[in-house]
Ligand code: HSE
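Heads up, the chain below is alone and in the form predicted alone; it's given as structure tokens.
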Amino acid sequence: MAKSIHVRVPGTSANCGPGFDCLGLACSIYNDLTLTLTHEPGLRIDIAGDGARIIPRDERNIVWRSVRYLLDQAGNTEWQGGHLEMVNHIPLSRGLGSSAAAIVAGLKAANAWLDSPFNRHQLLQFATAIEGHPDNVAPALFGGFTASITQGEKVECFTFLPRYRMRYVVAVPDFPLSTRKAREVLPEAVTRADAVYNIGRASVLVGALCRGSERFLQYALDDKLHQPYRASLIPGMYETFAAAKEAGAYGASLSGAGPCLIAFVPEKKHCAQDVARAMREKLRDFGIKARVLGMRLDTRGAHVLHHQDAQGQVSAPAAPKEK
């Protein structure tokens, strides 16, 4: 029986309203990957779940490219081929970090295969180099809320947990939206007033979450840098935000580049149900069918579920080297 590594990676929601390309959170929806590497060239990819019919099953696959990236960074030439078994629950091209989860899964599994020569901070650098920005890959790796910056060519990130429990209600429209298309509508420059507007709200958002000041969330999720320009791509977006707040949510925002819309909701169970119903019905008013997902904050991030050695012995990983 061949050795294998089984990893699990959460979906993510980036921007969190005003934190464009900087803030992100990890959601309790997951993709699983089982990786087996071989000395001989050749690649086999089995995919179940979301995107199974359209995700490449050859060397173009982003998970496999991420595996190869890490092996190259490690200077390893021993492993030439492999077998990927992917089980995807994160919706594809909807703004819940499906590409970031794929990248992090490949890096995490390959790193575990090599007995973790790289820590999580180094994996963050690799993931950002592949993805192009850290706002999704950071929470996928670390869990919780993350704030990321680029200092020169280096990415720095800290993770934190809110002082109060929340639920997250995500409306998933029945159409995809590529990040490329969502970025094409953004302006090259913004006004000073809009920049100040977002700096203030991003600061208040992080402070409110860290301190537990729930009342500030009604203002802190607003944005003027990306959501106004992307609203034309998601009919009824602002109306759905308003419906979520009226139903009891603290506030709502575009999830990543969209088209998913995410509401931050008090812990009370009935409130999440009310918000879900309100969001679904409002989108329906604009001719959009959407399923609604109820989620919590993932606090663990990407992790190895178990190793299976060549003799078929399964074990949970030892205390990780990664910090």
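The shown structure was predicted, so the numbers you read here are calculated from the model rather than taken from an experiment. We number the residues from 1 along the sequence you see.
Same protein, other form: the form predicted in complex with the ligand, not shown, and the subject of what follows.
Q: What is the one choice in Ala272, Leu37, Ala257, Cys27 with a heavy atom within 4.5 Å of the ligand in the predicted complex?
A: None of the others qualify; the residue that does is Ala257.
Q: Hey, of 179-187, 121-129, 234-242, 68-76, which bit sits against the ligand in the predicted complex at 4.5 Å between non-hydrogen atoms?
A: That would be stretch 179-187.
Q: Does the ligand get within 4.5 angstroms of any non-hydrogen atom of His83 in the predicted complex?
A: Contact with the ligand, no.
Q: Would Arg167 show up as a contact with the ligand in the predicted complex if we use heavy atoms at 4.5 Å?
A: Output for Arg167 is no: heavy atoms all beyond 4.5 Å of the ligand.
Q: Under a 4.5 Å heavy atom criterion, is Arg94 part of the interface with the ligand in the predicted complex?
A: So Arg94 does not count as contacting the ligand.
Q: My question is simply whether Arg201 lines the interface with the ligand in the predicted complex - judged by any non-hydrogen atom within 4.5 Å.
A: Flag for Arg201 set to no.
Q: What residues, if any, in 8-33 have a non-hydrogen atom within 4.5 angstroms of the ligand in the predicted complex?
A: Those in contact are Ala14, Asn15, Phe20, Asp21.
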